[in-house]
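Here are two versions of the same chain, shown separately as structure tokens and labelled structure 1 and structure 2.
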Structure 1
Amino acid sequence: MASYDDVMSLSVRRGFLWPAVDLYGGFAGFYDYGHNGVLLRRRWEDLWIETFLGLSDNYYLIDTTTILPEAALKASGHVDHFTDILVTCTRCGESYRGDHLLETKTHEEHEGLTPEEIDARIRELKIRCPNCGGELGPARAFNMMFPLGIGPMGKDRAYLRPETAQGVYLNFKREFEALRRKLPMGLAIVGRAYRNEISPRQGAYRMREFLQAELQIFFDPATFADLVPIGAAGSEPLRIAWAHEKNEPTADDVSSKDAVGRGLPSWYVYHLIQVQRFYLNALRVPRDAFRFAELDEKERAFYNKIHFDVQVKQESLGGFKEVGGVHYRTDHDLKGHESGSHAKQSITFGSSKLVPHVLELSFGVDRNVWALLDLTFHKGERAVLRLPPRLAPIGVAVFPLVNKDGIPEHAERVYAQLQRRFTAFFDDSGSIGRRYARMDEIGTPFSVTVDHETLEGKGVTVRERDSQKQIRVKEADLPDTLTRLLSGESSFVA
């Protein structure tokens, strides 16, 4: 339905997002948001914050620096493990990961070798280019983090953060005190992260600077399950593609009981249910366009004990694509910072002394915004973005049916009134149909038109985007009616 070009073209035309710095030929891996893009993104973020911080009274938003010193990222493992050792063939120019070359030859793991060690092993094992048989050049390290030199001499080594999560872990102890030592404790960050992707592709899907919305939940593994009972939510089947079947474009309906039966902790399943509800109910993603995809041991990061990707099926990107993840990171991160900083991260909670475990709910904001554009794009005679009313950049538009007989003046008064409560938009240019069409393209769910009957006290018309139908509403009732319609509290019945 919606091709990549369809979505991108609409996005550029209507002020959602476009390649950054295109004045200078573009900047691969970087995108800028326009006025409607920022509004849409903020609404997504607000909904995300409301949904996930709403899971507990002890979940909060924090904000931390985007630049971190080397020591912190050394402890987190990013300096050593966020690196690929690349080896390039001197004849055909193909590049390979050094550890993969060794692994293929010896069928052994070769994690954590230096470039020199890789070179030595390659010579020892007489490995040549798998592509052309040519001689392989020297191994070089490629770290996915952007390095920075801090201070006038640039001698304090630092990096742009590769994930927001580290900011949370670094502040765990402070917040645990400030929040009066309670578990579970949830700390979320919505902010930017940076990765020097080798080849950014597919628009906003793989970027070098991107937005993450991540909630880190700190808990005691001994008691967490009792604190988040699956309860009534357990009757909702989860959409899951297990590791062996996720290359298929499908998902199974798995009851929470079966998911627990397959060895997933009940607290993990509970959070899968919450994430699925966010997508199906709040974002209104069609059921068959949503799934969790299990990552097997080989695919997931070594510190993730359980890892399911959150995936949304997008025509423009060729199928199910990752928009988030649910990661059980155990106590890996806090323990890493404990040994890196020599500051104790263990806490006393109730009768037990422990380093809390972490469940991370991680989302790519830009990917989610793109997914919404893709899913809600409907191409007919004219394009319509069928965004859920809560997410639409503009909530309500106001038009005078004609530009005479005092109708524009009246419409301006209606607009001024609505503007106080809603993101409203006034338009008196072109024909009425053209104005409706413009609003359809940016997903404005409701358009109010002032006509001759309005002047006779018979109210205004409210036109709904998807059905194109209208109802007549008394002016005095308009704000409340719109509030109910936009919140989803009541639905439009013509």
Structure 2
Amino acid sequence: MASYDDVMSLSVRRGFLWPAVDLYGGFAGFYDYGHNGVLLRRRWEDLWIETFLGLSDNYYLIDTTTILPEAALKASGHVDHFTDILVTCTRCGESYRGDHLLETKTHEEHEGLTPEEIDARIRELKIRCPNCGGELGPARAFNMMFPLGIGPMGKDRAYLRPETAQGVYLNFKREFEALRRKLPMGLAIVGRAYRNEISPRQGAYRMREFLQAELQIFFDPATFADLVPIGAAGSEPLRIAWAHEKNEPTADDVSSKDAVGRGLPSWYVYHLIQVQRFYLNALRVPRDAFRFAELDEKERAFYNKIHFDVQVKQESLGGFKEVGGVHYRTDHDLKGHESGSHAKQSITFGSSKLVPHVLELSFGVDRNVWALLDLTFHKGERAVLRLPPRLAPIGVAVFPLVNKDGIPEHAERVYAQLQRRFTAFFDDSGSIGRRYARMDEIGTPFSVTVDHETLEGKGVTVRERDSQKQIRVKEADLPDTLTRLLSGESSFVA
């Protein structure tokens, strides 16, 4: 079992991520990535792009500004509705999210409550300020966006974007024309978003500056089901915790037929299946550590008609935690921007004129990176990150067994050859066991050792991280062997 301190200690020690600006005592809600963290994050992003843009030939990656004018966010509803419930101590002035206070006390989620309901529950549970024990003041709504004043006098009001999605909606009509007027059309952004969280906590799980990977799929609700049939995928059971079950520590296996029978559109179920495949097959998350959690009408975001969180069980964070979501946003966003901008967002598609509906696949990149660190961290006689080979920051390490007899020079030639094809690392410092241990801690799946037998033409040894077993491979075969192992095309057999 990985504790938060265990994972964070390894993360800091081995260059994954850590609290920002710690030179000045830290900066709450902000984290920096080190050299290995950036590589892990980019591997995840590349796999996400390959997986979800690969669902259709008409899905594309774009990038947009991170600062938006007030008018656009007024039209989207964020100015009026993008709020959390703020509770402040009357004695010390410390601020808290109301639902977090209740969650800490009851160990259950309390999303969607009004300020009045939060106040009533705080009185009922006799909750005091966690910092000083003082009385808590009345709950109130708090807008989480960061405001900006644009221009030399700051007269033009704007905000840092609270989600990447609005950049997509603002560019919908331009891309629809540029992509030759086809639906469904998918536009994705992988980029930064900003939320002024009341009480950032649990490390990289709740941040004020964070990375999102979101795909917005624009579609005609009358034809979408025919264009994305469930087909053979429909036989895969889904891990689902319905709204009344999500405070339970598990989930049920639900057939696609049963999910549709409970009112979910078949096209929505199809995309749940694709998301589940990404986690179970590509990221290799254990099945019992994954689930979808339904949010009811009070809990889900104001723009969603159907909302399932993607949750991964993380011991370092105390159980199932949200890492993404599948959201049916209807035509809310495009109609809001049509009203605010007075520019028509309706299109002619086939014989129909419509404002397209939107299905959003949304993922917190930082949360997924932390989840991978949590799930793959194992601490026994040695600490090891059992990352899937494709996600490991370093794919292969090269070591000379000893630093004499021409072995280091030969090892450097092997390293130079592999470096042209892989993210490789050369290390000749310390004992061979210590070098293996360092690579195990950053998740490097394979280590190549050059020894005296190598100089005799008998190949190199390749060590597999998890089993610690070794095989002998001819130098000429080494690049192709590693390619197959890292891609998963072949398995390591000692």
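Along the sequence of structure 1, residues get numbers from 1 upward. Fair warning: this is a prediction, and the values are worked out from it, not measured in the lab. In this text, the rigid core denotes the largest set of C-alpha atoms whose superposition between the two forms falls within 1.5 Å.
- Remark: structure 1 matches the stated condition (the form predicted in complex with the RNA).
- Look at the two-part rigid motion between structure 1 and structure 2: D99 and P265 go with different halves.
- Domain motion between structure 1 and structure 2: the smaller of two rigid parts turns 65° against the larger, based on C-alpha superpositions.
- Per-residue C-alpha deviation between structure 1 and structure 2, core superposed: F142, 3.0 Å.
- In the rigid-core superposition between structure 1 and structure 2, residue position R123 carries a C-alpha shift of 19.5 Å.
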